[in-house]
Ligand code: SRM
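A lone chain, given as structure tokens: the form predicted alone.
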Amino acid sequence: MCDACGCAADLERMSGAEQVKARSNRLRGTIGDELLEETAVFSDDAGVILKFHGVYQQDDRDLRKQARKLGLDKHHMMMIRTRIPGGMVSPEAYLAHDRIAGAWGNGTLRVTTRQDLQLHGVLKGNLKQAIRAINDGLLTTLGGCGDQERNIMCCPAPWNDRLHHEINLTLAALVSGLTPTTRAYSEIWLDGELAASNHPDPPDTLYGERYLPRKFKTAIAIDGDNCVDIYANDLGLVAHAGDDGRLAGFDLLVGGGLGRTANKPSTWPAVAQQLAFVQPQQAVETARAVVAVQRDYGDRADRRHARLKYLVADRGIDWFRAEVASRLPFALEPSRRLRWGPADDHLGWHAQGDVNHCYGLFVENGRIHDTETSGLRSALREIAETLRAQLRLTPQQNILFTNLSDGDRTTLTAILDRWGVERSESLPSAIRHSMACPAYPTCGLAVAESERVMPALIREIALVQREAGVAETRISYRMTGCPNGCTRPYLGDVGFVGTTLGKYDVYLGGDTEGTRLNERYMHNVKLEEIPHLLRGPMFEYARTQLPGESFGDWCKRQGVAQLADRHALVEVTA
């Protein structure tokens, strides 16, 4: 066990990242000094601390081979991730990101599966002014990455009722209660050295000097709608409504996480387990207690074994519950029964419960850019400038435009049509329920393509669904370029996980409620063989499904291994 400040820990036996955090002076490190250097990249130690500030160092992997041939260094650049609790973005903040993408980035924005915005291609020399511009839009990158609480997710639906209002109040309180208290961020990116001399750091009673052993993810769902994939989080809060329609409390789930390391059976994806029920006013204090247990007992020697899911697996949920309870001045209540329906993607037109409307726009793989056929980025810029509607980013990488009047509906539709942006309502089901991570060329962990190959692949799969007679059936498809699971592929009806260039493990058997892990159906499938591989199960599902049975549930009932025996070898060699 190590205490909150890390003083009792033997740093020599800890991971390198732990040692860097311990000597970082509350997330300062050498970032400030290195910003003044005319270099294209930060040092490795500074790179560890940069993540806490929402920045990843990357390089363009498409250019690596050419650079080596010419004897040049890698083309280094930065990815900036903005923390956006619940995905709520003002039009001013969105337009700030759009300007940054054009002035200092690669001309695109990206909606992430945690309701953040990412900017790619920012050079080191432009990093400080880009982050300053984000903060001028009243958002921050602190907490976008790093071994701390990441962006807290929440159902993006803008329904105008008491329940959602009170949930949003809890969200704001959680953000405040789980954000580090260091002033390093403002000193480095905003205020400069004057702030350092006049305003010393307040004590950080939650994170101490070394923060957490690994990243920590939290989400809020509403009982009945798991659009945030609550079971994939270290900590989940499921809101329950009382008979009066107000917030009655939260069921807490702990120990979810989908990342794993290839060929390391000691790592695995896991769904969260129920911990307890708490009253609304107890939510923040209980969340802090959960984080504190992970801080004190999480594995600081092996980062591959450092997530909360491994602590829960090693010690057991009963031990974890008792440890959390010992840190609270009130008793934890027994968990309540959770009722889930198919997760809502919130696309299309919806009434908000007042006189206004919202529109959910599909953004393929979260990438906002202009192409020869669609001016999506230009359309979104015009919508933000003209309608001044608040945007909400969804966990499926899409965007909701909220608080639209009847007249705004007509204007928004006209803007989308003028820029050639396809409406969500007209999309084939397979495309509408697909997601892919960025992978190549920016992600250093990618071993296979994802975002760049998914559009063509999912359209071939949509044809298979249509030929099988299940074109309108909701089947989710999720692709990642490595086993880390950024698009939550292990919870999809169908998951594609990159194993090497051009090959993927194919998973089947998740559920539409997002509560169950799928299973590996076939190993190392060539990209071009995937649509044909799915034909057998898809056609058999169309013939033998029970009334209302989802594709994932059908795969689970049939047995994924048995399906592989019946279809996989035949399909690949056909």
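Quick caveat, the model's predicted, so the values are computed rather than measured. A residue's number is simply how far along the shown sequence it sits, counting from 1.
This next part talks about the form predicted together with this ligand, which is not shown.
**Q** Among the candidate stretches 114-122, 179-187, 453-461, 382-390, which one is within 4.5 Å of this ligand in the predicted complex when only heavy atoms are counted?
**A** Selected range: 114-122.
**Q** Would this ligand be touched by all three of Arg432, Leu508 and Trp554 in the predicted complex, meaning a heavy atom each within 4.5 Å?
**A** No, the whole trio is out of contact, none within 4.5 Å by any heavy atom.
**Q** Could you tell me which one of Leu258, Leu109, Leu252, Ala343 places a heavy atom within 4.5 Å of this ligand in the predicted complex?
**A** In short, Leu258.
**Q** Which of these residues, Met79, Val238, Ile475, Leu275, gets a heavy atom within 4.5 Å of this ligand in the predicted complex?
**A** None of the other options qualify; the answer is Met79.
**Q** Is Asn126 close enough to touch this ligand in the predicted complex, meaning at least one heavy atom pair within 4.5 Å?
**A** So Asn126 does not count as contacting this ligand.
**Q** Is the gap between Cys437 and this ligand in the predicted complex 4.5 Å or less for some heavy atom pair?
**A** Taking the distances in the predicted complex, the answer for Cys437 is yes, it comes within 4.5 Å of this ligand.
**Q** With the cut-off set at 4.5 Å between non-hydrogen atoms, does Cys443 touch this ligand in the predicted complex?
**A** Yes, contact at 4.5 Å.
**Q** Is there any non-hydrogen atom of Asn403 lying within 4.5 Å of this ligand in the predicted complex?
**A** The answer is no: Asn403 has no heavy atom within 4.5 Å of this ligand.
**Q** Could you pull out the residues of 487-504 that have any heavy atom within 4.5 Å of this ligand in the predicted complex?
**A** Sequence-ordered list: Thr487, Arg488.
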